[in-house]
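In the form predicted on its own, a lone chain appears below as structure tokens.
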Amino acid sequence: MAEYNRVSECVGVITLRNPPVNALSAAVRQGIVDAVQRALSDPNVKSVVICGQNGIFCGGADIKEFGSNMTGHPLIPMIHAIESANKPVVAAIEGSALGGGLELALGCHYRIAHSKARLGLPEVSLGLLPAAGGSQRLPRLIGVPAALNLITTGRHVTAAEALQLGIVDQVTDHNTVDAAVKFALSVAGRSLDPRRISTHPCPQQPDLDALFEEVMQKVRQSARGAIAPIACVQAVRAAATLPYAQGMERERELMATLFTSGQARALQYCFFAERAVGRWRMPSGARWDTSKSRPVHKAAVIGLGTMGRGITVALAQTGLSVIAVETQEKQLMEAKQAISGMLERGAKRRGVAPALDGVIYSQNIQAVADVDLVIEAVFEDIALKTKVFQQLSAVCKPGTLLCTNTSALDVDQLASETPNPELVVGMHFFAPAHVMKLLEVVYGPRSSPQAVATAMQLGKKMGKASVAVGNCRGFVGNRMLKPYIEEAFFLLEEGATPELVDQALEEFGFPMGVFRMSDLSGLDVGWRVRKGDGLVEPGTASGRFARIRQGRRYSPLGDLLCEEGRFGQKTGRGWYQYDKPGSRVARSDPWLHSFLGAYRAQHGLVARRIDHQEVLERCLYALINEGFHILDDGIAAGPEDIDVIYVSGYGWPRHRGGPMFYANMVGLAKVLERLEHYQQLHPEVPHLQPSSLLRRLVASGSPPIHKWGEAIKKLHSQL
């Protein structure tokens, strides 16, 4: 709702009241309409101020209304009524003015913002465009280039940048409503014609066609198949080339197309899924809302390689005191320099002072004696990690949480090396740890709910999408990645090229295909894991049995490339060739194509034509099938957890909602049918055998994704 009061005798103040962000629900819209009419009809009121309660102006539309028939007073006529008012209306912006909230402010005649406020039109991140006049008013106010940047990216701007761009008229460090009331008094009686943005022409821009062509090209490239950013460009073009009324009609047409699209449903699903994963639960029945986290004031990181450095930066940026331990002096000096540089660059981007004093460096593990939480980030070796956990158990004060940054190792095995296994959890960061959004919080069978709650809360404080997952080999993300990569290898054996596989996956929306990503991360990483698993065999045996390991199909292609010293970008050769070691530009490698031909001949494989559809079905459906196994095993609490992991950490295109949402959109029956088809063709590949959960869901009529839980057995964690 909206509350109306009169202050200073002649200023009507309308306060939006709809916690937590004062979203523009039907009740709020009606409240604004009624309050504006009341203020305009009161002869004693000379000016109007619109603000929000609890230090937040307005977070935009109520997304919960998107899935139903929207009722109540429509937003566009409401904003037009404000703009056409014969008394000045001033928006007092505190906290945030986002989406419909900023569109409401743009309909006001003046805008006063608090210095800590943030403004933006983030609709594109929900698969939409600003369709309450935002795409038409903003270009008229700040010019086409700046408006295109904000609308196509959805980024938020600070009050200072908003002032510089011309979005707001004044910025204050004091009480914003008081400043807005004072300002409203000063402009009472002035002509409002110059303040009605919809009546302005767009500022002239030289060579408009060339500008839009260039922007559209960039947007298509960065959108990777998402349609909303393209529609945003088209809407801004309408603002630049059409009268306001026609531009609004074009905005409405484009929004109608987006609103019912599968991409919008996927992006809005992601929005709610990211909130749902914070409401975790464990197989024991312990839940987020019944488990209180411990306070963490001082943390430690053990091991300052690439991951340890990033974790140190992520912790320091939250304001924690961090002890960074590295036993090798040379590595410690290099790490200190690298961490300082990352903190300085990050602080510069955020416009704050770098937290350099918050990190204390040491070569001695004794330095962590009084910390509240330790994150071990040493080399991925179970013997080394076990030794570190034994040392930490002897050094740390009672009650210290011991966390391991492992990507696949057994958290319960590490916990068994400590006298308090309930205090041990995994915190699986993704490189670079201070940038990547995902954090898998891994609980073992003996981890306490309080330990999980503390790790989840710390992840949230670091700005991570924290997802609680059970303990198994590879947890969720890497466990699902394994069949995805294996299928890509098998496709090469059967006649595909790295270029074909990568192109299919990148056209689907991944930033990188399997082989470009492998070259980036280093082929030797997977090689080392496969050696540890006893899968790498010496010799040059040929035929089918040379490609069987532990009773299942295996491709030694990656091993053979590593034996040639081709580790990817770091060596200038991998699945692709590069101009020099460390170069990022992948080029097709004739040697690799000859190598594949010789490999197939050696093993009696006849290359066949493979199309993009087969690449997608085999790689993606194998990955999805493993996701169903994970749900059935109770390793992930629900499909949302898996989808957030893949969107936040593995490059799954957000506009496709995540692998489990995508399976739901494609149709579970189709996924099952194609898995059965490929499993018949490749009976020696177990990961193509459809999950029993997938079969149960199809047998029960393929319920929508939010009802899958009814078919999932009682959650449990198993190795």
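A quick note: this is a predicted structure, and the numbers were derived from the prediction, not measured. The term rigid core refers to the most C-alpha atoms you can superpose between the two forms while keeping them within 1.5 Å. Each residue number is its position in the shown sequence, starting from 1.
Below, we turn to the form predicted in complex with a small molecule, even though it does not appear here.
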Region of this chain that lies against the small molecule in the predicted complex, out of 117 to 125, 618 to 626, 412 to 420, 238 to 246 [heavy atom, 4.5 Å]: 117 to 125
Touches the small molecule in the predicted complex: residue 96 (any heavy atom, 4.5 Å): yes
Heavy atom of residue 14 within 4.5 Å of the small molecule in the predicted complex: no
In the predicted complex, residue 275 touching the small molecule (heavy atom, 4.5 Å): yes
Contact flag, residue 657 vs the small molecule in the predicted complex, heavy atom cut 4.5 Å: no
The unique member of 40, 666, 63, 33 whose heavy atoms fall within 4.5 Å of the small molecule in the predicted complex: 63
Among the candidates 103, 487, 376, 519, the residue which, in the predicted complex, approaches the small molecule to within 4.5 Å (heavy atoms): 103
Residue 689 C-alpha moves between this form and the one not shown by 2 Å or more, core aligned: no
C-alpha of residue 679 off by 2 Å or more between this form and the one not shown on rigid core: no
